[in-house]
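Shown next as structure tokens: one chain only, the form predicted alone.
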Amino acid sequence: MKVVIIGAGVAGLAIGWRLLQADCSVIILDRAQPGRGATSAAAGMLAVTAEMEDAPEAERRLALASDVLWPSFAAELEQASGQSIGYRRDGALMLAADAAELEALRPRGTVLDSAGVAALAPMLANPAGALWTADEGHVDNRALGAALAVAVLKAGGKILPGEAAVRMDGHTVLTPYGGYTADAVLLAAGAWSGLLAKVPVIPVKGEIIALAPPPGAVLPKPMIWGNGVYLVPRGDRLLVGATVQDAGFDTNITDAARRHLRSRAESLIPSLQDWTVAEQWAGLRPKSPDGLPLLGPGPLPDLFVASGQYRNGILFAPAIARMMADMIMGQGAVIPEFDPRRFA
């Protein structure tokens, strides 16, 4: 079976890798470079507890299923690519602003008082307490994109960077340089998916900053959520994110976002005022009208869609890779809540 995939982000690459393992022929087209869109702009969190608090049951089940797959997925990918993806399970603290908020967190799991929080993250300023999830993790999303690209190439796939799909004509995907005909086409172009087919996906801009510590400063070990931001340790930097803005396809970074994120982070850890902003970037999250992913058959024959993951493209990746590869090969069923045709 021959498959053309539009989009070399985490979804397109992971699905392509699974298809190649099933002896399919795979060509992946991307308007830029593999893993350099929303995949590289994320923070790489695998945060089921924080992200799925108010999620519909179908999305929560997807998150939990994918979270279970992540350990074996990471190990398999590192072996296949020969590259580390920085997969870690150091836990997460969801901070409470006061005693009432702490009490509201109690039904969700293990709650720590201020002393318990201080033992895990002593740099925090007078926390009232927190919800502690010891198995929450994160992955280096930029390393993940690079490793998936290597795994695809080693498995015999083709990746054509800088070759944007501009139109689909039946089973043929047209680019400025030619046409690629396949038995099935997968549209996994993230926020740009709606430009190629009648797929209701819009871009939602998010900015993140990376803080570098002064000499002698120590990064927190767990991820930290509080005061409207999250803090993710990544190597020798601390990622602080993320803004949410309806700004079309604008990816310019702004002073306002930097000030906002830094101020919120410093309210949690005052010593961050001595840290420097080492990097700032913006990405575009793909969002559907109801906020749920679009996973299944598209509006054209033999067209499949994997988009609309919004904030959880990294978390969902292992489950979506397996689900969509099976579906494309005619071996999997569509989950009704994620069916792209629900908006027809």
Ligand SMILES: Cc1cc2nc3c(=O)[nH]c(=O)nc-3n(C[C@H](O)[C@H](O)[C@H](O)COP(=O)(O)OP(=O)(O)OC[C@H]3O[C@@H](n4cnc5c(N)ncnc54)[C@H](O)[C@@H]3O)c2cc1C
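Numbers for residues come from their place in the sequence shown, where the first is 1. Given the structure is predicted, the values throughout are model-derived calculations rather than measurements.
Missing here is the form predicted in complex with this ligand; even so, the following discussion is about that form.
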Open item on the list: Residue-level question: is P127 within 4.5 Å of this ligand in the model of the complex, judged on heavy atoms?
Closed with: no
Task: Any non-hydrogen atom of S66 within 4.5 angstroms of this ligand in the model of the complex - done: no
- [ ] Using a 4.5 Å heavy atom cut-off, state whether W275 contacts this ligand in the model of the complex.
- [x] no
Task: Any non-hydrogen atom of F73 within 4.5 angstroms of this ligand in the model of the complex - done: no
TODO: Among 253 to 261, 89 to 97, 156 to 164, 112 to 120, mark the stretch whose residues have heavy atoms within 4.5 Å of this ligand in the model of the complex.
DONE: 156 to 164
TODO: Please state whether every one of the three residues L20, S81 and P318 places a non-hydrogen atom within 4.5 angstroms of this ligand in the model of the complex.
DONE: no
Open item on the list: Please tell me which of V305, L62, A38, V26 lies within 4.5 Å of this ligand in the model of the complex, judged by heavy atoms.
Closed with: A38
Task: Contacts with this ligand in the model of the complex, stretch 178 to 205 (heavy atom within 4.5 Å) - done: A188, A189, G190, W192, L196
